[in-house]
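Subsequent text provides structure tokens for two forms of one protein chain, presented individually as structure 1 and structure 2.
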Structure 1
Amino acid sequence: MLKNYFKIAIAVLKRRKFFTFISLFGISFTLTILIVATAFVDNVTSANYPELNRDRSLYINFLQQRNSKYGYTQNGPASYYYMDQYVNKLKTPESIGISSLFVPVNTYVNNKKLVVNIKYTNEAYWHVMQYQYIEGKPYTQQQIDNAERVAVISDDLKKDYFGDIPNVVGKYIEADNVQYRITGVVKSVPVTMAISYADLYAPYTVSKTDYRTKGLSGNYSAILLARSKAELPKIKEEYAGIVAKIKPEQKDFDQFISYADSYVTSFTRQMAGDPTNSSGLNILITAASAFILFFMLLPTLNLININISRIMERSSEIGVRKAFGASSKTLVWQFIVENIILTFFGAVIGIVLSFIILQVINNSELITNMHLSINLTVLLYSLIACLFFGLLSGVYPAWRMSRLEVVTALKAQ
């Protein structure tokens, strides 16, 4: 039976080539745009190099002190002092990686200016993150304690600074007027990885802004690595217990707010405006779905329009089949199957197209070191979108068709 429907569908598609083209064009391009967009979102939000442990990590990158009466707030990352005093006291996490936001500084090589983004880290940072070492290894706790000027640099910085030479471990690199001795070279990270991106990593003890300065706000964020995913709620609870005891530093403020959040939430919470009440994740998801729905509305309407024309054109066929006793249900089923076959072809073209576009984006280095790919999650979502599309644009015309009287259907010829 299904095989029969398939044959009919192919015959129909071949008959009105222009309509088939319009339908395929609409389906495949909509899918292409969706796949490319989801590939990008997936690249930014899911556990990619070097943040492979993201699903069992919590992030603290935001403190808020507020005046609950006027709604006046002061937001920002925490100081190293805060991390050491409060976050390092946590018992549950396996390890706690602490790193500063990257700070751009200059260095001048052969009369050429290089912008080097420096990040200061503690030792545990190298355990939490899974950097890939091209050469050497990270600095040790001993070197951090001694405030040695050592650094791990990225592959890209090595190329820009030294050119094509095989081994740079042990060599010196000058950045921000300081000589660092290189202990390791890691594979470069795209700038979209806000927490782990930098060109040069150095111990926090050599940071030029004194890490001992007391005060809550500063430039640091923490990544709490749990032993397993199941322990995440326990860590959140423990951190909430610590935060509850912290007083705001200035007398203008009466509330102190900070959360240990999963990666995406740690950013959406900052955008939500009032972090006490909402994590912002729901707002983001609602906005994104509303946008996708609206975006898909036009191609879907278009498909429905085309499908109606297509089906009405076949009213004589419908009339004959009805006259020979086919029920409305079988007919609706047939048209939906036909439509799904069409969407399936569109999907295949869409996937091929998006594969090409992603390759072009990757090769053009739109964002350095970012490699977009169609992974299984992305593919699954696009197939769901596709099916939804096919059903939506097939159901209404099929329903209209099934209500056609035999006589009218036959007479329409």
Structure 2
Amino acid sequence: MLKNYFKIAIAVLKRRKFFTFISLFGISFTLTILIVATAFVDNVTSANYPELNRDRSLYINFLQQRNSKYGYTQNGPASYYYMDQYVNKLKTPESIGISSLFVPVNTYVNNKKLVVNIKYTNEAYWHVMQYQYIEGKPYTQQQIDNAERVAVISDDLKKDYFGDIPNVVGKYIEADNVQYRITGVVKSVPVTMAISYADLYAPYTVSKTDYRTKGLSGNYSAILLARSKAELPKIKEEYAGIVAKIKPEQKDFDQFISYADSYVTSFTRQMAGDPTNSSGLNILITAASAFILFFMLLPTLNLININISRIMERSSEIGVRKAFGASSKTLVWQFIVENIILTFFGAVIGIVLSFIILQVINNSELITNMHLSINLTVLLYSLIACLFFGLLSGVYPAWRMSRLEVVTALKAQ
């Protein structure tokens, strides 16, 4: 029976090639957009090089001082003083990596301007992150304490600054009018990973912004690495206890707010505006789900209209089959199977297109050092969603078809 349905479906698809093209285009285009978009989101939010320990890490990158009476706030990253005085006092984490936001500066190589993004870190940062060393090693705690001008650079910066020299450890590189001695070269990180991306990493003690300046606000973030995922709630609780004792810097404010969050939540909380009420994660998930639902409904409605047109074209066939005893149930099932076959073909085309587009994006280096790939879990759910909406788009036309009277169906042709 299914074999006959398959043959009929192929014949119907060949009969009106334009309608078939529109249907397949709608299904494959929708699936392609979803797979490519989720590949990007998955790359940004999942544990990827060098942040391989995100599942047992908490992030502190946002402070808020608030006037609860009038609602105005002061938001931003923390100072190194805050990290040293409060975050470094935490006893539960295995390690606490502290780093600044990357800052672009200019340097010149062979009379050519080169933009170098500098990040300042503590020594534990190199334990929390899992950088791949191409040459050398990170700077030590002793070098940080001595405020030595040493640096770890990315392999992209090595190529741009030194060319094809095989080993640059021990050589000097100039950035922002400062000479740094190179201790190591690491594999480059895409700019989408804001916590770990930089061209040049240097000790926080050589930053031109005095790390000893007292004040809560600055440009540093912290990663709290737990020994296991089970320890994360305990770390959150310990940090909340410390934050509860901190007073705002200015008299205009009466609330000080900061959280140790998972990677994604640490950013959605900033977008939520009022972190005391919501982390923003549920809002983001709801908005993304609504967008995907709406995005998939459009081709579904298109398929319903096309399928209704196909029914009217096949009314004589339906009338003849009914006249020879075919039940409405048989015809409905046949029509739904035809629609699922069409959806399956569209899904296969969509997967092939997605793979091609992702390869083009990776090879073109649209975002340097970012490698996108198809998430198999997302692919599975996308296929299930496509088949569901394909089934849904066939139910209503099939129901319309089942209600056609034999005489009416024969007269319609």
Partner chain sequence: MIKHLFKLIWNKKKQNFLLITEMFVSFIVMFAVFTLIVYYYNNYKQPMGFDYDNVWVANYTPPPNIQSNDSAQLFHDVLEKMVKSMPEVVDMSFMSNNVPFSMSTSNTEISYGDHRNVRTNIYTAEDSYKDVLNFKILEGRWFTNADIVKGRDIPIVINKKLKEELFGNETATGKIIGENMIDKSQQSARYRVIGVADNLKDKGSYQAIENGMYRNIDTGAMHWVGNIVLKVKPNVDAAFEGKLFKTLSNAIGTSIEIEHFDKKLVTKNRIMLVPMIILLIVAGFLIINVSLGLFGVLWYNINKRKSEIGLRRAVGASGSSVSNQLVGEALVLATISLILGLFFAVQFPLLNVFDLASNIYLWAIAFSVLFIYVLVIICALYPGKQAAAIYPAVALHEE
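Note that the rigid core is defined as the largest set of C-alphas that superpose within 1.5 Å between two forms. Residues are numbered by position in structure 1's sequence, first residue being 1. Keep in mind that what you see is a predicted model, and the values were worked out from it rather than measured.
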Taken from the structure described, the form predicted on its own is structure 2
Using the core for the fit, does the CA position of Arg212 change by 2 Å or more between structures 1 and 2? no
Any CA movement of 2 Å or more for Pro138 between structures 1 and 2, core superposed? no
Quick one: core overlaid, is Leu200 moving 2 Å or more at the Cα between structures 1 and 2? no
Superpose the two forms on the rigid core and tell me the Cα shift of Cys386 between structures 1 and 2 in angstrom. 3.2
Core-aligned, what's the Cα displacement of Arg15 between structures 1 and 2 in Å? 7.1
